[in-house]
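Take a look at this single chain, the form predicted on its own, given in structure tokens.
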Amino acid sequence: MTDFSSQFVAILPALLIAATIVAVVLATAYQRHHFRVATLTVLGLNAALLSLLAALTVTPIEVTPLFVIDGYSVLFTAIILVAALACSTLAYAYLSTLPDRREEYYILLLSSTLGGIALVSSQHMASLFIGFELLSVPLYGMIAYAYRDHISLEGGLKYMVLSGMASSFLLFGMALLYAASGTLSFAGLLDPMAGDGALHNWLLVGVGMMVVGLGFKLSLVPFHLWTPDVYEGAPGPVSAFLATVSKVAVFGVLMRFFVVAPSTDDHLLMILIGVIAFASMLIGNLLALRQNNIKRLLGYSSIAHLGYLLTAVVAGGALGVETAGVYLVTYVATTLGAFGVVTLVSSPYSGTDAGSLDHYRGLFWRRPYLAAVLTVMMLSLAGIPLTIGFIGKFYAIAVAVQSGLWWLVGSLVVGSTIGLYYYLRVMVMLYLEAPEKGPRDAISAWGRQSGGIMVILLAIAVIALGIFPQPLISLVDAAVFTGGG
């Protein structure tokens, strides 16, 4: 196989997503048809997912100096594609009640997914910024897609303004690193310990500003203030996309940057990242205690979970990368299931989503299987044994213990204990007596919809992998150690 053909196979998933975007645009221009466009989107995402098997046969391979396709990028691309597929499935039933144009939503979703794929394969500042913007810009429209509801429009505007500020920090950090190192390649950046005091400081400031830009997308404290408002305002499937695809893509490039770039090898910088992780765990969980809206609660919960994940960055090493892979799979599966239930309860209605916890009061007596799915997801988010969430928490604690990061171990345990309270609070609401007025309900045939089938399969996977996690661990282990990530 020639170099060109090997590189073509390696980037085939991205090319298939790009081709799907063109196909959806042409299909929409020819004739608006929601089912046809949704089907094209799902077929394109499935084709890209299957093409990863072919990409594995040529990895690791460098596709121009901008991108590297290895086991690590293939793993993160697979997570992104599965999450995007789940979000597009949820969106079909949700958007069927929307009185406005529906087909453009899938163009935005596919474009943002393509940006995520570019991010996790980036090994250069230029490709990082291109992927970052391609991921972010479509999200402005997706969040504000239900613009007739002012809270959705408000969320889109907030995200757009603050995301622009994050991009500015990211670009400024890149400029400082380029000025100090003379290159935009991750691996070519200078080691802070190799230069004089001024060069050392400029390198640290550059990396710090990049952390600010990426930390905004990851909702890390203190860059988290947008998260609850945007999660609450965005349509249900978009909140799911924002909490999964966006987070996986940005964390994937952050982890690669800290593993590959010599400029991140500084003790003071690692302490700063540890402090951000510590604050995210505690503040995310503490603020979630006061929430009466499930979407805001899940928003604060995601802040805490990204704090747990950041422990893997501080620890570093092979186990740190493996922990990131395992934890992200557990987080994505569980978050998709939780937001999936919110979307199914909200989708038969126009206007604001079913966000209030009172909307879910007594859901068990109306839709017992749907309540069971949400119960499983809450248990997994809490890290209860026999769920996949327990495996992720175990890995996070193990990597912190191995690295001697006892203060992060303590915050992880305390944060998980606090989280147990508000997750149980949601569960209790499901089994209380239903009020005469106020509750929202999914349609009677929710289990026969594609979105309903998906959340049931996710619940089964959460339990099955919680009981027998070895297939997941082996998959992530192979991706980490054969990919060179």
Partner chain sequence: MILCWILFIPFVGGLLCWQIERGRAPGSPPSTLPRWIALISMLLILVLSLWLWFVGNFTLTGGSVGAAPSWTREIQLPWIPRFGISFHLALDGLSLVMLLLTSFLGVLAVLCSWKEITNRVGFFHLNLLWIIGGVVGVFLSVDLFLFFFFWEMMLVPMYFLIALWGHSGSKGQTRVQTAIKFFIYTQGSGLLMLVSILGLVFVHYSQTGVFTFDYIALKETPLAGPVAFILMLGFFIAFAVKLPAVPLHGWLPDAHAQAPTAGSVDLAGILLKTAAYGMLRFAIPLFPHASAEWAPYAMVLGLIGIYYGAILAFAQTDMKRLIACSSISHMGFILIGIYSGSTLALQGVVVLMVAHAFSSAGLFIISGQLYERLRTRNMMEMGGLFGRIGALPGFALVFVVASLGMPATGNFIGEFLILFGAFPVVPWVIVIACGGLVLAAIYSLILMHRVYWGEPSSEASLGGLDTREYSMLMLLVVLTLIVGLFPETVLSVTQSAMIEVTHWFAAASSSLPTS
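Not measured: the values here are computed from a predicted model. Residue numbers count along the first chain shown, from 1.
What comes next is about the form predicted together with its partner chain, which does not appear here.
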item	value
Contact residue in the predicted complex, from Trp365, Trp226, Phe129, Phe172 (heavy atom within 4.5 Å of its partner chain)	Trp365
Heavy atom within 4.5 Å of its partner chain in the predicted complex - the one residue of Ser168, Gln402, Asn292, Thr97 that qualifies	Gln402
Its partner chain contact in the predicted complex: Tyr159, any heavy atom under 4.5 Å	no
Proximity of Phe390 to its partner chain in the predicted complex, heavy atoms at 4.5 Å	yes
Partner proximity in the predicted complex: Asn46 to its partner chain, non-hydrogen atom cutoff 4.5 Å	no
Any non-hydrogen atom of Glu322 within 4.5 angstroms of its partner chain in the predicted complex	yes
Which of 454 to 462, 26 to 34, 61 to 69, 421 to 429 sits within 4.5 Å of its partner chain in the predicted complex, heavy atom basis	421 to 429
Its partner chain in the predicted complex - contacting residues of 456 to 470, heavy atom within 4.5 Å	Gly466, Ile467, Phe468, Pro469, Gln470
